[in-house]
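First, one chain by itself: the form predicted alone, in C-alpha cells.
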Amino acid sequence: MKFKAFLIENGVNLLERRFLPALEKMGKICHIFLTRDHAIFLHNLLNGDGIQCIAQFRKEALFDDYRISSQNEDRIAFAIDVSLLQRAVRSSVSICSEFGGGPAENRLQIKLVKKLPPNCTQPMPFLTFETKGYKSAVIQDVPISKPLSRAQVLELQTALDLAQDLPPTLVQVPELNQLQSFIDRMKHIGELLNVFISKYGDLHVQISTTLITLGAEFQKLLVIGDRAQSPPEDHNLSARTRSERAVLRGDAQSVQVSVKHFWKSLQCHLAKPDCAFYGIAPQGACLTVIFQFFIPGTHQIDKSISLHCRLPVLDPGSN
C-alpha cells in the first residue's frame, strides 16, 4: 500500500489551527482513514466506548498531488497519536516559515513509509513529513499502528456508514458559546445531563442532583427534518411541563448523557464551526451533534469538510 500527498496551505491551516486541537480534546488516539476521495479522522468507532467523533475532508481541502493505492479498493486506515501528529504539523509549519522562500521551495510532503527504528529488528510504519527548504530538508517521522487489515477496514467502513445516519429532527444552535458557558459552570455539579429536543425548535439541557436542579433552555431554534407547531396552550407553562407534554404527544425526545461527554463534544468549537445542530436518534440510541462550516465570507455550506459527534446515551429517557 502506498500514500503520498502534499499538504496545501489551506490544509495546513485547517489541521494545525482548527481540527487537530479539537480532535486532541476527543482522545489521545484516533484512526485516520484514507480513501480515493477523502481523508477521515475517527474517534472510538471500533471500540464503541465513549464519545464518537468524525471529521471528514475531501482530499482537495487538504492536499495537492494526492496519490493512494492499496489492494483494499485504495483504502488505508491506521491509528495515530493526535498530539504527535499535531506536533509534527506545527513543527513543519515553523520550519517552512524559518526557511522562507516561495511555495515551490517549502512544500510539505506527507507519506506512509516503513523504517527500521534504532534497536529494532523489524521495520515499523510511520507517517512521514518532509519539509524542503531552500538548501536542505527536514524529515519528521510520526509512528503509527500497523495498517488495518481488510476485515478491519471493512468493519471501520461499516461503522462509519452507520454513524452517518441523521436524527429525524435537528435543531440549530448558532451561539455555541452560550451553551458552552452553561456547561462550563455546571459540569462540577453533577455527572448526568438530561437533554430534551422538540420538533418545535426547543433544546433544554438540565443537570440534577439530590440538592439542586439547574437548566438552560433555547427556544424557537431553526428545525431541520420533522417539525411541528407548538400548541398555543403550552406557551405560558413551565419548561418542564411543556417538555413532558411534548414527549407525550410524540413531538419530542429526551435522553440522559454524561456531562463529561457533552462538555468534550463542545470542545469542537476549537475547529471554529459556524453553527451546530443537535438531534436524538430514533429510540434514543444516541445524541448527535453536527457542526457546520460555511465557505469563508458567505453563508453557503462548505461541503468539503464535515465534523460530527455521537454521544452514548446512559438512559434512553422518553420517546
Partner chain sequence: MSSSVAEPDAPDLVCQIDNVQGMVDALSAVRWKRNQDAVVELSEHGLVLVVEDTGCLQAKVYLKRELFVRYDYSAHGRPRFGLSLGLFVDCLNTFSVPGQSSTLEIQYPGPDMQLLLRSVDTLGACIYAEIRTRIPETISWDYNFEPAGSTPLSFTVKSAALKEAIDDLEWPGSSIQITLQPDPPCVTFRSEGHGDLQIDFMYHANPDLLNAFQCDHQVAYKYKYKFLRATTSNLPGSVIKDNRGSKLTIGRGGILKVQHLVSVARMSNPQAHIVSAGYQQPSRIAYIEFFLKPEEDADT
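All values reported here derive from a predicted model rather than from experimental measurement. Residue numbers count along the first chain shown, from 1.
Missing here is the form predicted in complex with the partner chain; even so, the following discussion is about that form.
Among the residues 160, 192, 142, 189, the one placing a heavy atom within 4.5 Å of the partner chain in the model of the complex is 189. None of 79, 84, 113, 216 but one reaches within 4.5 angstroms of the partner chain in the model of the complex through a heavy atom, and that residue is 216. Contact check for residue 199: every heavy atom lies farther than 4.5 Å from the partner chain in the model of the complex.
The shortest heavy atom separation between residue 178 and the partner chain in the model of the complex is within 4.5 Å. Contact annotation: residue 146 falls outside 4.5 Å of the partner chain in the model of the complex, judged by heavy atom distances. With a 4.5 Å cutoff on heavy atoms, residue 182 counts as touching the partner chain in the model of the complex. Picking from 223-231, 238-246, 85-93, 151-159 the stretch near the partner chain in the model of the complex, with a 4.5 Å limit on heavy atoms, gives 238-246. Contacts between 189-212 and the partner chain, taken as any heavy atom within 4.5 Å in the model of the complex, involve 189, 204, 206, 210, 211, 212.
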